[in-house]
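Quick heads-up: it's one chain on its own, the form predicted alone, in structure tokens.
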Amino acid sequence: MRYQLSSQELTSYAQDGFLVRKSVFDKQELALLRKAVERAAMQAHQLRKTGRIYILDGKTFVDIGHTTVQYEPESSVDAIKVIEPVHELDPALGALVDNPKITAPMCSLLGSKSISLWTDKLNLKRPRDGSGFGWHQDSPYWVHDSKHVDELHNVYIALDDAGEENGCFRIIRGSHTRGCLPGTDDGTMLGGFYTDPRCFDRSREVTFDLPAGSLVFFHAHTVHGSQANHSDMPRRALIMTYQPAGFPMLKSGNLHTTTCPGT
């Protein structure tokens, strides 16, 4: 099966800064991925004692080698919020990096015969405990480490059904066209990584009420975020970022290159 993007999809992505493909992964594939992310989360938590623990703006982070684990700020059970990168913690997640359902569309976006992984992360967003993510772009995090930040593209993989009740993914349509936008200046250590709300139009917000297994491709400059999970349902998601071939990954410096399907 061919998973490359059509010319219509490419045009839509160029205009909007995102593209949705629903129910790409089936129930069996999702069951395997859910087990994989839970194994990865358990391993990351067990390795916490070997890492460097630090706190920024009241949020706990742990660096374990080149992997960073962020914990929920107000959780009573040491709930993990984010792991980056995560693909090295489980073979099934490592294999996902080369899955043609993901790499073929990425090859279309980059217009290349091969691509390389830039980074990947797991957002767990547990029931009741899962905090939200303020409006931000990914590019300001990466602009000092990548000379081609304009060519970084993300894919959001919904591992659970997602809606407003469990803090679904949100995007500001067309916000990618303005490049890196200014951050907030609120006196906090991390505030500069959240996009100044005066620099984008909230009326162009798109809320993604999606079934599990769906994909959202979005540009590194696209403003995005999510609300907290106040429901009894999880809202786990993987986000993988690709770049032109031949460049190393963000945190490890390793090179992982994938040949585009059909080439």
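Don't overthink the numbering: it's just position in the shown sequence, from 1. Quick caveat, the model's predicted, so the values are computed rather than measured.
Not pictured, yet referred to below: the form predicted together with a small molecule.
T103 falls outside the set of residues with a heavy atom inside 4.5 Å of the small molecule in the predicted bound form. Contact annotation for D90: none of its heavy atoms lies within 4.5 Å of the small molecule in the predicted bound form.
Not displayed here, the small molecule is kept clear of S175 by more than 4.5 Å at the level of heavy atoms in the predicted bound form.
In the predicted bound form, at least one heavy atom of I239 sits within 4.5 Å of a heavy atom of the small molecule. Listed stretches are 179-187, 116-124, 93-101, 143-151; the contact stretch with the small molecule in the predicted bound form is 116-124, by a heavy atom cutoff of 4.5 Å. With the partner omitted here, the residue from T195, T67, S226, N229 that has a non-hydrogen atom within 4.5 angstroms of the small molecule in the predicted bound form is S226.
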